[in-house]
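Shown below, as structure tokens, is a lone chain in the form predicted alone; questions about how it binds or moves come after it.
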Amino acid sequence: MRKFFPVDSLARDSRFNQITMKQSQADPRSALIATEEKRPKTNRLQPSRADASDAARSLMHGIFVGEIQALEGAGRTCHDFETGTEAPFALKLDMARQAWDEARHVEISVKLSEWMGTEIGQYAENTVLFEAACSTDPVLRLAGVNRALEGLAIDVFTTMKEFGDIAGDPFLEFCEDWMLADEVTHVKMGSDWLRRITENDPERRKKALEFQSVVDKIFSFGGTRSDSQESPIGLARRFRELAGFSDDEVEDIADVSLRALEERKAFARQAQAEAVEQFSAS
């Protein structure tokens, strides 16, 4: 079987619409990346938001496709690397366990999407999660997927669980809580293995953590997730600590997210000023 499968060869049927990270930022169907004019003062995903239904369904579809790619990524790690020389057997065993969890998450997410009135392919699929799982170094995969993207999943599932609770949807709340427990385990596995494999290789660890930081910054586009109520996704600090993140690491993620939020607001103010100036000139 082929090793190091490229992202452009992922098997999908005609229902799926795959897009790049750059395209996703301009996707008008994304309820999470809105223009400044459309953003309410409190943008956290809550039933009181005018666009709450579409935002929740968009996020649920994003979880669904993310679980597919997480399954594919964990499975590829089991196959791509030689046991013992490139990746310890115990690491592969953990990745196999994670693949099993992700397969169950895909099934749960499909049922939840149907429950929420969403069809597969109604929203675009961003392939960046699998792209992070294409590295030829298993340590970079642990940093990019298990720590950065699965860490984001902790934030997303916590937000969706809270949304289900406030909206009075026990099915959504229960399922998100169930999957959240798995995600904490996945991130903890990544944290533990990254430290174990790089225990005597500080340069490799530094490179892995730098890669994780890049992925975290990508997913902080426009302040999508942070402690601020202006961000649709909250930062699940306690669960991240349980998953092996240090206080300093959580603070770094919070700082990156807040800077991204301020950059978006500054860009919006500049664009508004330029529009006013052009209107006045005409």
Partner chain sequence: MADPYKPRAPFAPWDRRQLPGLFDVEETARRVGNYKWAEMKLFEALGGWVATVPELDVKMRLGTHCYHHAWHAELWHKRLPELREMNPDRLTQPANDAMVQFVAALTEPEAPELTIEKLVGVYRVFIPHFISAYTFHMNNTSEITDAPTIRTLKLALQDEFEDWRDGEMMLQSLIETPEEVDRAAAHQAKLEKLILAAGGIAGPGSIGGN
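Numbering follows the first chain given and starts at 1. Note that this is a predicted model, so its numbers are computed, not measured.
Just so you know, the form predicted in complex with the partner chain exists too; it's not on screen, but the next bit is about it.
Of the listed positions (Glu210, Glu107, Asp201, Glu119), a single one reaches within 4.5 angstroms of the partner chain by any non-hydrogen atom in the predicted complex, namely Glu107.
None of Cys78, Ile197, Ala124, Val128 but one reaches within 4.5 angstroms of the partner chain in the predicted complex through a heavy atom, and that residue is Cys78. Although the partner is absent from this view, Arg259 stays clear of the partner chain in the predicted complex, with no non-hydrogen atom inside 4.5 angstroms. Not displayed here, the partner chain is approached by Leu10 to within 4.5 Å at the level of heavy atoms in the predicted complex. Taking the partner from elsewhere, Lys206 is found to have every heavy atom lying beyond 4.5 Å of the partner chain in the predicted complex. By the criterion of a heavy atom within 4.5 Å, Phe245 is excluded from the residues contacting the partner chain in the predicted complex. Remark: of stretches 185-193, 150-158, 166-174, 67-75, the one touching the partner chain in the predicted complex is 67-75 (heavy atom within 4.5 Å). The partner is not shown here, but in the predicted complex the stretch 87-122 reaches within 4.5 angstroms of the partner chain through a heavy atom at Phe89, Lys92, Leu93, Ala96, Arg97, Ala99, Trp100, Ala103, Val106, Glu107, Ile120.
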